[in-house]
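A lone chain, given as structure tokens: the form predicted on its own.
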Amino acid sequence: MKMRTFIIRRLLLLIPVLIGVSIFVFMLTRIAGNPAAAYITERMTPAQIAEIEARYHLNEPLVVQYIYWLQGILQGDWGYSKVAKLPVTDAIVEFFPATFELTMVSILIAVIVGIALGTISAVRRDTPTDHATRVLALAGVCLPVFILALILQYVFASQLGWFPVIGRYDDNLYNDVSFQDYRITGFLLVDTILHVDWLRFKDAVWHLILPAICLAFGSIAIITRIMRGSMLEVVNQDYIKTARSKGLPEKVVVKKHARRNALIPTVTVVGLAFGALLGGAVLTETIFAWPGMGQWAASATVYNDWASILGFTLITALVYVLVNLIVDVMYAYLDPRVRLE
């Protein structure tokens, strides 16, 4: 079966998953309280409240409510965000680029560092390097995100002054132009490149480093452990022994023969880690005052802004299932033995 057919089948399988997510999110809207609460004020009369409930079909049976709710979601009506003072869809457009940019940089750091450490640890098994790597991986699994964030802020920002403590950019660099006017895509790294503005690009990278490392640290630990275990299994296979017996350099054996096969289970973990990073950005963004979806969702939780919380949940679930589709495709690409029928 061709890769294109495989991708189409995976896309079709996403439909029941997304329907299940939509039902779960819909039930949350009903369990959480009155979905029309964002539109109701203390000065409204019972007649005005009843009019709002009728407008949003809240006086209809639950099944009918779900159909109208799903229709609204598909048409872009996700409710109103009291925290952002915007429609939820507009709030997502506003905050999603910052979170996605942070998550992408974090997963890139996690993949590069995790695969490298896992490979080195397996190749140098039971050496001081291996022991140090395993201790680092254990620390990454055990250390809470908020503790690591505070440590990074204290050491590298407050004491050493290498990086900014909070924020996404330096306000002083945008005195001559507002940040909203400067935006093109919303992704600050991309926008600064499009403007050919290397000063602001450097500033954006500098603000990104600490929160990205903080967010990536736990995933680095998991990827390192999985990669090390996979490499230890692969290096004892017969084809690796054959490659060595042919006189190939050890670097070639490790990079071209062992590591590619060891990446197969690691790719699956990377897909799961991406979803965890996207959801786990709430703590990191709150501590680093990163103006993304995580901070928006945290504020929405404090003020019981359920429309914002559910919008965050829905967009996170959508990105998560799409990332897992990409992981399936990469898995099939890396392992020719996978049957695509």
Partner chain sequence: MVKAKKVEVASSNVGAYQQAKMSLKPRIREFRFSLYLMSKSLLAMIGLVIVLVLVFIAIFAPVLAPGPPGWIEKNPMQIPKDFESPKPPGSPWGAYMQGEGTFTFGSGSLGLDIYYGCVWGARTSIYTAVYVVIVAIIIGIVIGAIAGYFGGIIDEIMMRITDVFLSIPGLILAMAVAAVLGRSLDNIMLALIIVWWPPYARIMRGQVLTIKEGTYVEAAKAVGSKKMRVLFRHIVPNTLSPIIVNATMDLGVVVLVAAGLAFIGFGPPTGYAEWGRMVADGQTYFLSEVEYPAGSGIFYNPWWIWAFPGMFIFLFVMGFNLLGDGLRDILDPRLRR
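Numbering follows the first chain given and starts at 1. Since this is a predicted model, take the numbers as computed values, not measurements.
Below, we refer to the form predicted together with its partner chain, which is not included among the displayed structures.
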- Of 144, 161, 76, 128, which residue is found within 4.5 angstroms of its partner chain in the predicted complex when only non-hydrogen atoms are counted? 144
- Item | Listed residue (207, 225, 200, 82) with a non-hydrogen atom within 4.5 angstroms of its partner chain in the predicted complex | 225
- Message: What I'd like checked is whether 17, 138 and 165 together line its partner chain in the predicted complex, meaning each has a non-hydrogen atom within 4.5 Å of it.
- Response: yes
- Heavy atom contact within 4.5 Å of its partner chain in the predicted complex, the stretch among 182-190, 83-91, 100-108, 147-155: 147-155
- Query: So in the predicted complex, does residue 28 come within 4.5 Å of its partner chain, heavy atom to heavy atom?
  - Reply: yes
- Closest heavy atom of residue 69 to its partner chain in the predicted complex, within 4.5 Å or not? no
- Message: Can you tell me whether residue 316 touches its partner chain? I mean in the predicted complex, with a 4.5 angstroms heavy atom cut-off.
- Response: yes
- Message: Within 4.5 Å, heavy atoms only: does residue 56 come near its partner chain in the predicted complex?
- Response: no
